[in-house]
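Heads up, the chain below is alone and in the form predicted alone; it's given as structure tokens.
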Amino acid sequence: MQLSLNEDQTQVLDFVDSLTRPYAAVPMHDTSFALTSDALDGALMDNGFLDVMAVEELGPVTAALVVERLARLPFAVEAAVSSLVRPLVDPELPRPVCVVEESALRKPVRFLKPRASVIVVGPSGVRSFTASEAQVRSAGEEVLYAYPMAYLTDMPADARRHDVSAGEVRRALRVAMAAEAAGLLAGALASVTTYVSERQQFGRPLATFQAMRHRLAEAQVLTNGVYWLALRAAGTGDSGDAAMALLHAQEAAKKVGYDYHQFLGAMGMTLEHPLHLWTYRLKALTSELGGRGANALAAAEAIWG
């Protein structure tokens, strides 16, 4: 397995880093529960970074790399579904794009808003429609996930049907969420590492204490594992690899989220420190597609039939 990025992938990520540099830090004195930027979203679209999967020499692995890199930002960007799911359903679907399972229509939906494209996946196949004002109810402060979220109140009977299987859409969605989780884990780890390297206790930085170093090292190993499993799943296109990647991402998110907030002490319970911008988004991803239990079963069925 090739573990090094090729020249094209390196160049794409360099361009992404350059474009997103103004968004790499939280604006001064900002204590928002969720951060978004229309300017950043528009720049990514205008420069084609959410359409790299369609480029033959780039493909799904490069798309997963872009999703992972964008997820490291404190700003929430609707990139995962647009980059890895939308091309399978209809590359021309207007953004933002949301995916909803028929069995979970009452759950809050990430990035749902009027005029968003909604992809519905279920036993009846794959359908899509453009959400209207009447079909969207803001989640407000009902959910604390650091994403812009809303409830879908109704689904039109004449939603457009697509010639792609629900299983293939779920596979791509698992890859997309695993790649996003890898970036969120990396962003959260970087934020925590900066804090414990600067915060002093007993006359020395917290990061110099061996017990904390061990737990940070374990978190780095888990983060690396999510990253590589997500890229593998993107490259193979295998449903078992995709389920395993998301399962490991959800397991890792549950473990490190607790550790990270504990490392920050009281600061970890406030909005003054931006850690929640990553960990609360991870919390949302841990319940997607049925959560860890459902994804473990999906992996077992794909691998052992």
Partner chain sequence: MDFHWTEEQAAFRQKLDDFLRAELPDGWEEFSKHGPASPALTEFARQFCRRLAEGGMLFPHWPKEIGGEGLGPWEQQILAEVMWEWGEPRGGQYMNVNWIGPTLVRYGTEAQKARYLPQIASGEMLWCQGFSEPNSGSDLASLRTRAVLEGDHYRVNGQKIWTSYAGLADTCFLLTRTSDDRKRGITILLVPMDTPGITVRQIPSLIGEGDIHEVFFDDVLVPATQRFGEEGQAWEIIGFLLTNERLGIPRYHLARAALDRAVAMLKQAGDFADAMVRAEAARCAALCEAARTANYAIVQKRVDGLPVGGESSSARFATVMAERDVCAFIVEHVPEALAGASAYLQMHHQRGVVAGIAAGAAEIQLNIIASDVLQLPREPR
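Worth saying up front: this structure is predicted, and the values here are computed from it rather than measured. Positions refer to the first chain, counted from 1.
Omitted from view is the form predicted in complex with the partner chain, to which the following refers.
Colleague: Does any part of Arg115 reach within 4.5 Å of the partner chain in the model of the complex? Heavy atoms only, please.
Modeller: Taking the distances in the model of the complex, the answer for Arg115 is no, it never comes within 4.5 Å of the partner chain.
Colleague: Could you tell me if Thr31 has a non-hydrogen atom within 4.5 Å of the partner chain in the model of the complex?
Modeller: So Thr31 counts as contacting the partner chain.
Colleague: Would you check, heavy atoms only and a 4.5 Å threshold, whether Asp154 touches the partner chain in the model of the complex?
Modeller: Heavy-atom contact with the partner chain at 4.5 Å: absent for Asp154.
Colleague: Do Leu297 and the partner chain share at least one heavy atom pair within 4.5 Å in the model of the complex?
Modeller: So Leu297 counts as contacting the partner chain.
Colleague: Here the chain is shown alone; which of Ser124, Ser165, Ser132, Gln201 has a heavy atom within 4.5 Å of the partner chain in the model of the complex?
Modeller: It is Gln201.
Colleague: Is the partner chain in the model of the complex close enough to Thr10, Pro27 and Ala186 that every residue in that trio has a heavy atom within 4.5 angstroms of it?
Modeller: No residue of the spot touches the partner chain in the model of the complex.
Colleague: For the interface check, one of 68-76, 88-96, 145-153, 178-186 should have non-hydrogen atoms within 4.5 Å of the partner chain in the model of the complex; which one?
Modeller: Single hit among the candidates: 145-153.
Colleague: Which residues in 265-284 have a heavy atom within 4.5 Å of the partner chain in the model of the complex?
Modeller: Contacts from 265-284: Gly265, Ala266, Met267, Gly268, Met269, Thr270, Leu271, Glu272, His276, Tyr280, Lys283.
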